[in-house]
Structure formats: structure tokens, C-alpha cells
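Have a look below at one chain only, the form predicted on its own, in C-alpha cells format.
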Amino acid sequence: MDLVQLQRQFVDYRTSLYHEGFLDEQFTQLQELQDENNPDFVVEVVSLFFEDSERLLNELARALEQQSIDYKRIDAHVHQLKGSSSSIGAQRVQKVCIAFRNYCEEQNVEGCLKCLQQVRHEYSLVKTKLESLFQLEQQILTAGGSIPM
């Protein structure tokens, strides 16, 4: 595939992530912070989001398996996940976290378990989508091109 096709594919794919609600304007702002002095800024920030999210999802699963569920602790984890997903523009993860927090407030274990599955699903989708986007970026750069904005 030639460079122009790769760049067109990148733009189309990135646009689809916004149209499908995976990303919002916050991701655009994150990209605008990247420059030649820090060319891997977005990848680094998103990688930290991935690491943090995996840890939080595991902690949420463990907390919901307990005999006596600490909803305040669960809510704190969900709040942290909501904030980090919001900071990178992972809109669909953030929206599930809002519902999750409501179930924590109601101390509704079934609702919390359902939201945990939903947030895991949305997280997995956005992770796969962003990894594909970064892979396309890398192919463009390897081919000597620049990333279209």
C-alpha cells in the first residue's frame, strides 16, 4: 500500500472512531499536545491509560467478589477509571462508568456486575481500536510520511 493510501486509511479510520463514539474531542486535544520534541506523547499517555485500566478492572472484579462489598471503594475505582478514560477521550468507557457509579450509589450488586462486564467490553474495544490506529501511524512514519491532522 502506498503512502497516500495509508494516510487516507488513517484519516478514515480515525474519523470512524469519532463517529462511532469511541473517541471524543479530548483525544484531539491530546494529539495537539504532541510535537517533534515529544513524538510519542499520545502513545505514552494512552499506554499509561491501558496499564491503569487493566489494574482498576482487576481490582473492581476482586472487590465485587467479596462477601461484604465495599461500594465506596468500588465507586472510588470507577471514579478513577472514569477520569482516566475521560482524559484520553475514551467516551464509551466513560459513559459506562457513569452508570456504574449510579449502581454503586444504589449498592446494586447485579447492576455493578453488569456494568463491570460492559466497561470491560468497551475498554477492550477502544484498546483494540487505538492499537490499530497507532499501528497505522507507525506504518505511515516508517514509509517516510507524516501523520495527517
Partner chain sequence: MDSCNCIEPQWPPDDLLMKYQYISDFFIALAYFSIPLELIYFVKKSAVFPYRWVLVQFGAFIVLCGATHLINLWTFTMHTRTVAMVMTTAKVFTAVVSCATALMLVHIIPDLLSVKTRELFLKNKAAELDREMGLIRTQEETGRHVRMLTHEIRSTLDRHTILKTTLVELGRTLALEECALWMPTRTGLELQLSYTLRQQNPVGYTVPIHLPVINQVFSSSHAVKISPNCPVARIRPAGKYMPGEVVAVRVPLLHLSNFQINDWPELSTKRYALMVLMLPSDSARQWHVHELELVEVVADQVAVALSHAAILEESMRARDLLMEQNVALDLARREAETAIRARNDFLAVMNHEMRTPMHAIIALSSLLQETELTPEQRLMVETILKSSNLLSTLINDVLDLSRLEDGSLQLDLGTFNLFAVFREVLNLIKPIASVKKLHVSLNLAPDLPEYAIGDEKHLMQTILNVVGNAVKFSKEGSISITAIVAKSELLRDSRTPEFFPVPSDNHFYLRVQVKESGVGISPQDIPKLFTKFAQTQSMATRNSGGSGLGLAICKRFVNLMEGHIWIESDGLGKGCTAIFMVKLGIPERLNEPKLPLMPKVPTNHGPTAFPGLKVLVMDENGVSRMVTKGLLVHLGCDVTMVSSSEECLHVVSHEHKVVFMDVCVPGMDGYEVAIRINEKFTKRHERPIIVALTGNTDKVTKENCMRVGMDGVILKPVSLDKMRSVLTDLLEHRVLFEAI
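Numbering follows the first chain given and starts at 1. All values reported here derive from a predicted model rather than from experimental measurement.
This next part talks about the form predicted together with its partner chain, which is not shown.
Note on the partner interface in the predicted complex: the residue among L33, A61, I98, V109 having a heavy atom within 4.5 angstroms of its partner chain is L33.
Heavy atoms of F49 reach within 4.5 Å of its partner chain in the predicted complex, making it an interface residue. Using a 4.5 angstroms limit between non-hydrogen atoms, V119 is distant from its partner chain in the predicted complex. Among residues of the shown chain, C104 is not one whose heavy atoms approach its partner chain to within 4.5 Å in the predicted complex. Interface membership of V45, defined by any non-hydrogen atom within 4.5 Å of its partner chain in the predicted complex, is confirmed.
Proximity of Q26, Q29 and N38 to its partner chain in the predicted complex is complete: all three residues have a non-hydrogen atom within 4.5 angstroms. The partner is not shown here, but in the predicted complex the stretch 76 to 101 reaches within 4.5 angstroms of its partner chain through a heavy atom at H79, Q80, G83, S84, S87, I88.
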